[in-house]
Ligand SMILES: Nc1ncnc2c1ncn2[C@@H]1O[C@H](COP(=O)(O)OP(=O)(O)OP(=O)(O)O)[C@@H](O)[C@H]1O
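Below you will find one chain, with nothing else, as structure tokens; this is the form predicted alone, and questions on how it binds or moves follow later.
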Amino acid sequence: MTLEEIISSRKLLICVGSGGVGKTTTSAAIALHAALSGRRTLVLTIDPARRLATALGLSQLDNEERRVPPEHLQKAGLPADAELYAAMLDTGRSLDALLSRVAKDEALQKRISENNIYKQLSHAIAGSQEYVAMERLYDIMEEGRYELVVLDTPPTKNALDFLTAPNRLVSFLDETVVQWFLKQAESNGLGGFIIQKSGNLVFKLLGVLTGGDFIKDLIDFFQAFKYLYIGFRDRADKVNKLLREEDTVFFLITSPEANVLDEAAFFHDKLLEFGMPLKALVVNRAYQIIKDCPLCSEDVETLMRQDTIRQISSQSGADEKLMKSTLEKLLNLRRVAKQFNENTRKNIDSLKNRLHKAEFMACIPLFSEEVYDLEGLARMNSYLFTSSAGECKATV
């Protein structure tokens, strides 16, 4: 399968991997290709770095979806009518955004948001911020304004938190203590139970430590929250389903360093465990391009022969000693690059054997300059979307 075939029928592409492996730029490059192919595309990032905004010619990235200006595309020699948008998912937002979606009744929403217990829980519930970001993604997908959404996730550990946030929120809601409070609230017996127990030493101590309004806030919170429980569960189930649909595909982005490849293998196993469809592996900085150096392509012994050096020196007028020294340095660079390519080739082959579920693999070389603009993204795509991309050969 080619990369084009994999993404052409998908609506959501999620790029995962370690930090510092080019995940953000790869996400942007794939999104650019889809937009140039005529698909209305949105690339979303959770990384607050300015790299993506700069690469796309945007002054900033925030929660607002912004279109890449046609003049920037045109300046880069690309079709100006390509519809490419970018935005940043804000994981720092509180549960208020989620509450506004679940609580349709404004009075109920206000009652809960002003409750002191809720204010504390909004910061304490594990995964709440990641879940709010995932909710935002879900809303974008439900609105259907884009033919493809490319999501750039945080580094491995945080990405796992992000992808498992719906399950963790549901687990919290299903905890015995929460269920007990909800059951008491549903039967309207919570207030009476707590008031009845308030004569106990524990509740007296609790009242002293927390203030007189604590019991009242606790009762009010769970009585109001019982109306939202089904809404929270329903939304979490839908988000979980979104991550496992046929229209969703995961790309694992990595680099050839051994420790990074180990982390990539770990993430691959986790995706399988979660039942999430990994389709492609992209290795950035996979090899150094050295075939374009004329001297480097020659046989080492032939180049270093004294009569060859003398002949070239005679023809060019260059100093023989200086020329020999220069050749030695060039040839040494070639040996180093060749050794680097051989080592990374072994690492990549080892990873391919471990990542048996990836249907496609592509290698992008180590460029002489950092990818920081649309031209650089287009250059990455010349390696991703070619007939030979899947061969992943380190050219020496």
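Numbering starts at 1 and follows the sequence shown. What you see is a predicted model; the values in this text were computed from it and never measured.
Beyond the structure shown, there is the form predicted in complex with the ligand, which is absent from this document and is the topic of what follows.
Student: Quick one: from 285, 241, 233, 72, grab the residue that has a heavy atom within 4.5 Å of the ligand in the predicted complex.
Tutor: Only one option qualifies, and that one is 285.
Student: Could you tell me which of 256 to 264, 277 to 285, 139 to 147, 82 to 90 sits within 4.5 Å of the ligand in the predicted complex, going by non-hydrogen atoms?
Tutor: Heavy-atom contact with the partner occurs in 277 to 285.
Student: Taking the ligand as it sits in the predicted complex, is residue 51 in contact with it (heavy atom to heavy atom, 4.5 Å or less)?
Tutor: Yes, residue 51 lies within 4.5 Å of the ligand in the predicted complex.
Student: Heavy atom to heavy atom, is residue 331 within 4.5 Å of the ligand in the predicted complex?
Tutor: Residue-level check for residue 331: no, no contact with the ligand.
Student: Residue 381 near the ligand in the predicted complex, any heavy atom under 4.5 Å?
Tutor: Residue 381: no contact with the ligand in the predicted complex.
Student: Decide whether residue 340 counts as a contact residue for the ligand in the predicted complex under a heavy atom distance cut-off of 4.5 Å.
Tutor: Heavy-atom contact with the ligand at 4.5 Å: absent for residue 340.
Student: Do any residues of 7 to 34 have a non-hydrogen atom within 4.5 angstroms of the ligand in the predicted complex? If so, which ones, in sequence order?
Tutor: Contacting residues: 18, 19, 20, 21, 22, 23, 24, 25.
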